[in-house]
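Starting off, we have a lone chain in the form predicted alone, written out as structure tokens.
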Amino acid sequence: MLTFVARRLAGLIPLLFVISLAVFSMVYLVPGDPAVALAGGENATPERVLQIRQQLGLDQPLISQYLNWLADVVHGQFGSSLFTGRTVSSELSTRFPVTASLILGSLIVALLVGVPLGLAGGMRPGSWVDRGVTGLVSIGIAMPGFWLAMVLILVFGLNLRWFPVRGYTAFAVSPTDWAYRLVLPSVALGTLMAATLARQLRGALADVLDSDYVRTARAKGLPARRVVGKHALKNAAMPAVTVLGLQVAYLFGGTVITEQIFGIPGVGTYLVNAIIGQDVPVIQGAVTVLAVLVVLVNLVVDLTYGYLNPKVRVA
């Protein structure tokens, strides 16, 4: 198992290198001279252009710019905002726990809803329970996240007044209010994930339960709970884990819209404001952090494959 983990960690090095090149190249995607564009375009003063050029290191050779930027990134330094002057690292350290809380809430919603639905449909394929699960899953997949968020705000926030619709409270300030304010955004962001997870788990479980070794286990008189839990679910979980990993990557992008709708001061809101203002150091820092997190999630998925299926470790 340690060899398997070491191989996966070694495989991350070239991937992270490619990500760093892509993120660094963002500054050159700005049309024309990046320093002039970021300084205000036609209204930019020569002093402001020179300041931007020195702040971003654009007055140095390209390879030197990249190596200096990469060295700072390795040490957790992403520069300072062109407009606020605050360091990107300090802003991300403040905002990341907010986004992480939203992603955690969405994962909880997906697991609490998706896994039971998938098990219910997969254990009784073709029954009225399975048809009901299929209908619910289809509705969940078809609903856009932003539309569901607006419906939740209108029904449970404004009409029933069960939950607040804007703002965020830190866990250290009030754990109860922290969880209370995350209910609606977590449901809005986690519904699609729950529906996708339920569909994949239902299909995989139904196929596994129809296999020869499961029929043999049933013929031995093993209880249904043991047949599903010990023999079938472990193999059926492989496609579900794949979908879960992909959906977690989707969550990092989905938080951008959800945070805007619910007024949550997370990384998504920070990134949107930076894109609107063409604040390149902020964009580079936020995208780098999110990209690395997605890579780490994929690593966890690979390691989970190795745990669920010994053939993956041997291969």
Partner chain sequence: MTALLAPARPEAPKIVRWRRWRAPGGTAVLVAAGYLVLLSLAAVGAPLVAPHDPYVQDLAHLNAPPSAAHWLGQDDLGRDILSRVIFGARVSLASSLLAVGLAMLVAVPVGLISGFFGGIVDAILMRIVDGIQSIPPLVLALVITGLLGPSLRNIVIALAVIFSPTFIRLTRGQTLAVREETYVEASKSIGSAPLWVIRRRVLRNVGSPLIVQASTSLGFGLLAEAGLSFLGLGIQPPQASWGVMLNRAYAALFTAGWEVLPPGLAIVLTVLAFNVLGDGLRDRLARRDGLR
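Residue numbers count along the first chain shown, from 1. The model shown is predicted, which means the values in this text are computed figures rather than measured ones.
One more form of this protein, predicted together with its partner chain, exists but is not displayed; see below.
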TODO: Look up in the model of the complex whether R166 has a non-hydrogen atom within 4.5 angstroms of its partner chain, and give yes or no.
DONE: yes
- [ ] Examine L271 and determine whether its closest non-hydrogen atom to its partner chain in the model of the complex is within 4.5 angstroms.
- [x] yes
Open item on the list: With the partner left out here, check for me: in the model of the complex, does some heavy atom of Q65 sit within 4.5 Å of its partner chain?
Closed with: no
TODO: Give a yes or no for I275: in the model of the complex, does one of its heavy atoms lie within 4.5 Å of a heavy atom belonging to its partner chain?
DONE: yes
Open item on the list: Can you work out which of A170, M143, A100, V183 has a heavy atom no more than 4.5 Å from its partner chain in the model of the complex?
Closed with: M143
Task: Contact assignment for its partner chain in the model of the complex, among L154, L104, L111, A179, heavy atom within 4.5 Å - done: L154
Open item on the list: Is it the case in the model of the complex that L70, M238 and V301 each bring at least one heavy atom within 4.5 Å of its partner chain?
Closed with: no
Open item on the list: Tell me which stretch of 73-81, 143-151, 89-97, 116-124 has a heavy atom within 4.5 angstroms of its partner chain in the model of the complex.
Closed with: 143-151
Task: Residues in 256-271 with any heavy atom within 4.5 Å of its partner chain in the model of the complex - done: V256, I257, Q260, I261, L271
